[in-house]
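Shown next as structure tokens: one chain only, the form predicted on its own.
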Amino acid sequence: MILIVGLGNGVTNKIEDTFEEMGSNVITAAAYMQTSSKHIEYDGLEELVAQDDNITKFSPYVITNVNVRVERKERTITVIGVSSSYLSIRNREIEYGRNIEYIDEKREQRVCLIGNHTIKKLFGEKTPIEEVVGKNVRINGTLFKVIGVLNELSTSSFSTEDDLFLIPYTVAQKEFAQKYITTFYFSYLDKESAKTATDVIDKYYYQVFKDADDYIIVDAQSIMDSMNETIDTIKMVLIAIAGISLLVGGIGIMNIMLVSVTERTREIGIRKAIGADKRDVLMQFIIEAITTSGLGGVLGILLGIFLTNTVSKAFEIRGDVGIAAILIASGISTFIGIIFGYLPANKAANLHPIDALRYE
């Protein structure tokens, strides 16, 4: 049970950390199809954000796969067109160089930001980031200047958040011939603002499209909450399954105590003959059962903490057992000792002294 709770908390922490890295207060709004009469305009969203205090920033998101060439090396890279607000919305920082600025968007400057893993793909594994800023790359034959390198989030080569290539959204629209922007990212103040901000954006999109099936709005916080609820449900099911092993363990304790009572029948008879009453014998065997289960519980807790830490390090998650889980586990161990120790203890307490002394 300690291991299940610890790893369950570790997975929950990992999900929360991932959302924090990508921006947990983010709303994604995407339109499926836009026409000349039904489409989202940048100026309209700018006015919406200015009027609503719950929404802090927004950024277009124009994405496509293109061929990027550096000298003689060419790779197919996912290029994303964004605004100057994108990095703060997604909780990203510049490690070296500068961010895309408002003037870059308006003048349609051919500049780009790249992630650490993209540097390795285009410039080589050992290229320092300081040497990358200022260099030129070609996107479908057009020269772009690298103006900044994003901070690294993960050392894993599979991290998509470090394999980024960002350019101004106005340039992306022009280069990729995308008349309308289909996806926008929004950020809101805090958790309390999430629903209000989502409703405001949904109302605006509905006014444009007149049909809720033409677009989708997703709040990162609601996704995180749903995932946590799912993990908690799975965790409770696993704990319930683990509870069966506790039941089996309790039956084992009861059998051991019954054997102990049988083997110590003569001892019980002597105790009762010299003045021990039923309550004394009952408490003796209940305490023995509690001690047995308690010792097993302590060993189980220590083993559970050790395994939680070991597995957490192996999978790079923050496994957290918590005091509550330890107290509950200790309480269950003691409870099992009392419940399953009572029957053998009661049998011992009800032995007649003469019958017990005649035993063997």
Partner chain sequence: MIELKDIYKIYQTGDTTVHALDGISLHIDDGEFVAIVGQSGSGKSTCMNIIGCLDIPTSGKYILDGVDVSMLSDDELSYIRKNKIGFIFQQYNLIQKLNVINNVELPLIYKRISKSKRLEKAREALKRVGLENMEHRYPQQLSGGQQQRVSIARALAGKPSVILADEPTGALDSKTGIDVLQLIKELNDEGNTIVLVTHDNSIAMQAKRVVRLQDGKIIEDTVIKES
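Here the rigid core means the biggest group of C-alpha atoms that line up within 1.5 Å when the two forms are laid on top of each other. Residue numbers count along the first chain shown, from 1. Model, not experiment: these values are computed from the prediction.
If you look for the form predicted in complex with the partner chain, you will not find it shown, but the lines that follow are about it.
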Does the partner chain come within 4.5 Å of any heavy atom of residue 103 in the predicted complex? no
Residue 274, heavy atom within 4.5 angstroms of the partner chain in the predicted complex: yes
4.5 Å heavy atom contact, residue 92 to the partner chain in the predicted complex: no
Answer with yes or no whether residue 267 is in contact with the partner chain in the predicted complex, where contact means some heavy atom within 4.5 Å. yes
From the list 74, 263, 199, 280, which entry has a heavy atom within 4.5 Å of the partner chain in the predicted complex? 280
Determine which one of 201-209, 282-290, 166-174, 104-112 lies within 4.5 Å of the partner chain in the predicted complex, judging by heavy atom distances; exactly one does. 282-290
In sequence order, which positions of 334-354 have a non-hydrogen atom within 4.5 Å of the partner chain in the predicted complex? 349, 352, 353, 354
Could you tell me whether the Cα atom of residue 283 shifts by at least 2 Å between this form and the one not shown after core superposition? yes
Core-superposed C-alpha of residue 273 shifting 2 Å or more between this form and the one not shown: yes
